[in-house]
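Here's a solo chain for you in structure tokens, the form predicted alone.
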Amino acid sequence: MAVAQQTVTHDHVAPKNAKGPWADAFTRLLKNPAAVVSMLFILFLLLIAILAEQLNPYVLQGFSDAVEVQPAYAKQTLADNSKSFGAVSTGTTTEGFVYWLGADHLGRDILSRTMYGARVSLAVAFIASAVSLFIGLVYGLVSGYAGGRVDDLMMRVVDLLYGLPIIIIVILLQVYFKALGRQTDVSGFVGAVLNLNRSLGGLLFLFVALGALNWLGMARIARGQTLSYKRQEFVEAAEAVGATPRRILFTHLLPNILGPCIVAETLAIPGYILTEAFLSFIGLGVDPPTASWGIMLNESYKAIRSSPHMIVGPAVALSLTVLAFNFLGDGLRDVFDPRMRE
């Protein structure tokens, strides 16, 4: 006897070319011209920062007119002080070298130092924001999911820290770190940290000062997102089958709140870059002769009447970088905002 086969039809079958949420977000981001141009500029700047030594063949040379060789970030000669745009070096060891953006008061190539300054700004942008994102996400997730007295206690700590002037705290920390870094007879773990900070040109303590104190806003955002998702059906279903709180936090809640948190952190990156430039401008950022746009601005504004070209390179680079991250953050915010979806 033949058995009739029953064909089961599905009315709602997902198309084979259906995109995931992240791929769909990236596709919609590409439709924003300002965000695309900003992303390309940031990638271009990142490439310059990585390949600075290859793009600049005059790196780590010394003063040709000095007895002692002093490390710097461009080939330099004391005879080329404050050369203007496109000037050709007159020094014996730099014959044929063109200062496309001019030279500073020590004869150093401004274009070369601007390239190396991109390393500092991008390192602060990505590392400080990563530290802030990590601390704020974990803190906000735990606070929002725990609820009750734990949530109240953790958020009161955030409120207390919010009442402190963050920039003043950062300046005081940098003053302390600078004083600590001048000590040479420190051994053990502290001595290893000081040596690492010196090898990084003072960036390590700058990362600590910026990232460890700018997670407060991220913690509030992560907590708010967690509170909105913790009573959703998928979280209650995970709790019903016996999922551990750790699994619920990092498997179910974290992927859902990550998008808005990344957008908020991207919008905060320009603040990190400007804070680093400000600290370097007042002498509390990276250690000279490490090239930083803030240090270059500090050195160039003093000669703005006699050599105004010295301020163009770092000022334009700093402005364009801040604008690029702002436009990219606005584009990401529009992409992840459900009200902007057609």
Partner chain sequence: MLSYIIRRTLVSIPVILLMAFVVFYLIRQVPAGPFDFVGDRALPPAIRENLEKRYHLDWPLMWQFTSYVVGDDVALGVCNVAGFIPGCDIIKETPEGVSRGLIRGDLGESMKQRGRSINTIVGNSFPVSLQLGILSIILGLLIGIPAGVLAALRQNSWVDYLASFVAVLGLSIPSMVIGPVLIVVFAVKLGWLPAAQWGAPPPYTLGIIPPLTWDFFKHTIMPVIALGTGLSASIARLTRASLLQVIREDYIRTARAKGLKERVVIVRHALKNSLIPVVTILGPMVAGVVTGTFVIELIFAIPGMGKYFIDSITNRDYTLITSVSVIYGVLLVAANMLVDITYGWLDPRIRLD
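Bear in mind that the values here come from a model prediction, so they are computed numbers and not experimental data. Residue numbers count along the first chain shown, from 1.
Keep in mind that the form predicted in complex with the partner chain is not shown, yet the notes after this line are about it.
Visitor: Counting non-hydrogen atoms within 4.5 angstroms of the partner chain in the predicted bound form, say which of Gly242, Gly188, Gly148, Pro165 makes the cut.
Guide: That would be Pro165.
Visitor: May I ask you to choose, among Leu30, Ile282, Leu47, Leu40, the residue with a heavy atom within 4.5 Å of the partner chain in the predicted bound form?
Guide: Checked against the cut-off, the match is Ile282.
Visitor: Does each of Ala277, Tyr301 and Ser319 have at least one heavy atom within 4.5 Å of the partner chain in the predicted bound form?
Guide: Verified in the predicted bound form; spot residues all in contact, yes.
Visitor: Sort through 155-163, 189-197, 252-260, 126-134 and report the only stretch with a non-hydrogen atom within 4.5 Å of the partner chain in the predicted bound form.
Guide: In the other structure, the partner sits against 155-163.
Visitor: Does Ser228 reach the partner chain in the predicted bound form, with heavy atoms at most 4.5 Å apart?
Guide: Ser228 lies outside the contact set for the partner chain.
Visitor: Indicate whether Ala237 is a 4.5 Å heavy atom neighbour of the partner chain in the predicted bound form.
Guide: Ala237: no, not in contact with the partner chain in the predicted bound form.
Visitor: May I ask you to check whether Ala315 falls inside a 4.5 Å heavy atom distance of the partner chain in the predicted bound form?
Guide: Result yes; Ala315 sits at the interface with the partner chain in the predicted bound form.
Visitor: So in the predicted bound form, does any heavy atom of Asp330 sit within 4.5 Å of the partner chain?
Guide: Asp330 belongs to the contact set for the partner chain.
Visitor: Going through 108-139, which residues have a heavy atom within 4.5 Å of the partner chain in the predicted bound form? Please give them in sequence order.
Guide: Nothing in the stretch sits within 4.5 Å of the partner.
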